[in-house]
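A single chain comes next, written as structure tokens; it is the form predicted alone.
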Amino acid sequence: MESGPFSLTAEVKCVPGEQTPDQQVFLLLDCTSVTDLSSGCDFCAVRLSFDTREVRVESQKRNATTQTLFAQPGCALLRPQSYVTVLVEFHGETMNLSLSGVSVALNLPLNRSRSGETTNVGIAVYGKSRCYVRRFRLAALPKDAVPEVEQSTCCVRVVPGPESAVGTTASEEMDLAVTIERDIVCQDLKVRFEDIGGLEDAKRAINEAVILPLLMPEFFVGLRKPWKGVLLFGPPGTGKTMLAKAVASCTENITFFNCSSATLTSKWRGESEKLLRALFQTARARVPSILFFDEIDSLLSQRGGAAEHEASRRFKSEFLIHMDGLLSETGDQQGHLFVLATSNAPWDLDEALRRRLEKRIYIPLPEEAARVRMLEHFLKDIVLAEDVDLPLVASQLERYSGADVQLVCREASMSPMRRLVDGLTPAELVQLRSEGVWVCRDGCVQPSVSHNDTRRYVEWQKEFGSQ
């Protein structure tokens, strides 16, 4: 790395085992010599101790003892087998350090003078440690970004010593970040866009608004900058949540937060706003990332109602500020933060939130071709009678949502048993497994969406929706 300020973003985790019991990871900065941590070393490093949950900033010079410049014990974000995002802004004589969006050191003096020579940065492990690296990104900082602050304003805490207010605040923010990280979806949900019948226009709009900006960020700049938020609205059971699952499944290198009201609400005054701030800070530390809010109307309905509580109003204001406020774009320099929401009652959303959810996509009831595909998908493992005509059945299921079509298939698959099980022996019941019959009585499953509901969604789509 040439001389000059730079930022280093690394996402690492330690995986201990029988052969690798140690859990020490070093992020090397300003490194000119590394000799197995001997007297010949010359570097500055951020030391992550996952076993003791401590983060240190250390300076090692040739033929000198290791100097601890900063220490933060009890770091809840350092957990074995869990990724932590480390952001270092190196300014030569000072540095800033944050973990998963939580600032732990600001304008930390390093007491190191950089000559014009090229130095190295990297990751090293100590002892028998196994480290996984999911992201390692280096970027030059503008020279005017070097802070000009007095020595007395540096937020530094060296251990041992009495715990300061800065350390206490950092510990609280780390605990909140740990709570937020529980909502990160790590496993593959095994849902693809090809598995969803119909909704071609919605898939195209989601691909344009969500997938492409995250996969091709260099193209979506300037006037083509990606949307900040997308709302999927429509009747219940039409596939809005399944579309969100498909988005989470096809974005491997993107952090997907499944935000729930259980995580973001608290009975303590002011705690919900802190959790919401921690959510956006953690998401910005892991960009590119997606914040998914299912049934967002339950959290962010219109303000000013007679039954609205003061805490609810503060929560809504905090959300709007973080999504599109004065400093909302300062943390999105290295990637894109995106909000994806679903709602069955879009007319209940707050007007300011509706403006921030720039792309509003209507998820309608499935058409006849989509219903045929759904019937084929749901009945692919069921033996049908020879006279079953799926296109004819699909034509009779108008106004049925995708969930209603699935219920019809379940009812039909249970009909042979219900019709013949009474009074039969176990041997005769086994014989029924080889028989296939489509018997679905008229009226056994009614559509869950009325004409009035459909008309209301269409009217809202015409007034506020996106194409």
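Bear in mind that the values here come from a model prediction, so they are computed numbers and not experimental data. Residue indices: 1-based, along the sequence shown.
Keep in mind that the form predicted in complex with a small molecule is missing from the display, and what follows is about it.
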| item | value |
| --- | --- |
| Candidate stretches 208 to 216, 235 to 243, 278 to 286, 221 to 229, one within 4.5 Å of the small molecule in the predicted complex by heavy atom | 235 to 243 |
| Non-hydrogen atom contact residue 175 with the small molecule in the predicted complex at 4.5 angstroms | no |
| Close approach of residue 295 to the small molecule in the predicted complex, 4.5 Å, heavy atom | yes |
| Residue 337, heavy atom within 4.5 angstroms of the small molecule in the predicted complex | no |
| The small molecule contact at residue 49 in the predicted complex, heavy atom, 4.5 Å | no |
| The small molecule: the contacting residue among 93, 195, 368, 271 in the predicted complex [heavy atom, 4.5 Å] | 195 |
| Single option in 105, 259, 199, 99 placed near the small molecule in the predicted complex, where near means a heavy atom within 4.5 Å | 199 |
